[in-house]
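What follows is one chain in structure tokens, specifically the form predicted alone.
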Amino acid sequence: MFPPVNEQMDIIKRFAVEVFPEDELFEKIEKSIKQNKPLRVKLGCDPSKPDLHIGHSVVLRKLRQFQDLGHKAILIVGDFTAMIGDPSGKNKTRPSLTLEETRINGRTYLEQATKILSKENLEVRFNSEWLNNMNFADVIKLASKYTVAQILERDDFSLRYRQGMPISLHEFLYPLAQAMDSVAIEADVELGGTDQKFNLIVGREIQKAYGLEPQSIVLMPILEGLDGKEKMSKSLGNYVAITDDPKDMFGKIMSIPDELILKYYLYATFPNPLESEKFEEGLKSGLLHPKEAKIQTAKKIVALYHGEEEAEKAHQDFEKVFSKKEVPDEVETLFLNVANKVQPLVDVLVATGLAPSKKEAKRLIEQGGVYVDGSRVCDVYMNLDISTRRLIKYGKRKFLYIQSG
């Protein structure tokens, strides 16, 4: 049994930036109830990167809501389109990936996505299934369905064209290829971030060109990264991965600017109306201090991926380290097998994996972010005697005991 159409529409519209055409979606839901037939709700994922972050979770949680309403979630892994590279919001041509690279990333993506999606009413498709089988005549037919003028309506294309920046012809094919996904699976609804609006509209037009009923569209907000400036992105380093351990996840969320607290609380967790209203009113009135609001947000997000118990432990650990300036209860000890018991600290930081490179290690030391046995290190050329156990704190959240083995 499906919930009544108005109840479904209220849930679908909640947290969404735009639902259009709204009347079409209403009719689709009404029809699905009468025919007892679930809608086919599509979400395309770009496996150009192997890791999902909580920015991705916003649209995945909306897809889960459709599942909970009784509809079929169709997750399209864009293993073929990722070889083109989505030009949305990009000011230059993206590097291409091989089909094997995109499939490896796609498998990782699926493992992570099912932390949010139900496996019960989920269909997973790789778009190479149909796009790889298209011949040149098929591509010409597809390209004939859309004009250059329509493609140049896209802001990033028109801007690059005006500025004389290169646009490869294969980039024009990306929205058309993505639209063919909607044709192939006969999508009733497609979800995406606001940056995907153009692609999703192209999907509607291409479905009509191939004699299908056009999909309705649900657009979700884009979550800014930890810096509060750029879109959350692994390449920018401003992300919270859904596979982060509880302590790292909690600590990262506690570092967000105050102006992002409400957005993270709402869109990374999808609280019920009473919870969100109470939270928002508390922030506006000042009854809810920003630090307490961040704690509530961090605990709620960590609990979604690791459970309530781990969320509470992460909170207690954060309080020990940052409020009481204590060392966490559980700190790993790493034994280094070295002939010389006195090693340059920079080398130790890289050898232990605390720092990704000597350059990064030196940069953090210069910024005052490295401590040895509780004392800040200021000398990038410091030598460290590891014949006995030494405690290293690297950055805000990483602790490690080091000793020669």
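Think of the rigid core as the biggest set of C-alphas that the two forms share within 1.5 Å after superposition. Source: prediction; values computed, not measured. Don't overthink the numbering: it's just position in the shown sequence, from 1.
One more form of this protein should be noted, the form predicted together with the RNA, which is absent from this view; the next part is about it.
Enquirer: Can you tell me whether Ile206 touches the RNA? I mean in the predicted bound form, with a 4.5 angstroms heavy atom cut-off.
Expert: No, Ile206 is distant from the partner.
Enquirer: With a 4.5 Å heavy atom cut-off, would you call Pro257 a contact of the RNA in the predicted bound form?
Expert: Judged by the heavy-atom cut-off of 4.5 Å, Pro257 is in contact with the RNA in the predicted bound form.
Enquirer: Residue-level contact is defined here as any heavy atom of the residue lying within 4.5 Å of the RNA in the predicted bound form; does Asn36 satisfy this criterion?
Expert: It does not: once the RNA is placed as it appears in the predicted bound form, Asn36 has no heavy atom within 4.5 Å of it.
Enquirer: Indicate whether the RNA has at least one heavy atom within 4.5 Å of a heavy atom of Glu360 in the predicted bound form.
Expert: Glu360 belongs to the contact set for the RNA.
Enquirer: Which of these residues, Gln367, Asn340, Asn337, Ser375, gets a heavy atom within 4.5 Å of the RNA in the predicted bound form?
Expert: Contact residue from the list: Gln367.
Enquirer: Taking the RNA in the predicted bound form as the reference, which of Glu310, Glu280, Glu213, Asp248 has a non-hydrogen atom within 4.5 Å?
Expert: Answer to the contact question: Asp248.
Enquirer: Only one of 164-172, 181-189, 301-309, 123-131 gets a heavy atom within 4.5 Å of the RNA in the predicted bound form; which is it?
Expert: Residues of 164-172 come within 4.5 Å of the partner.
Enquirer: Any chance Lys294, Phe318 and Lys396 all have a heavy atom within 4.5 Å of the RNA in the predicted bound form?
Expert: Affirmative, all three are within 4.5 Å.
Enquirer: Core-aligned, does Val19 move its Cα 2 Å or more between this form and the one not shown?
Expert: The answer is no, as the C-alpha of Val19 shifts between this form and the one not shown by less than 2 Å after core alignment.
Enquirer: Superposing on the rigid core, is the Cα displacement of Met9 between this form and the one not shown 2 Å or more?
Expert: Result for Met9: no, shift under 2 Å.
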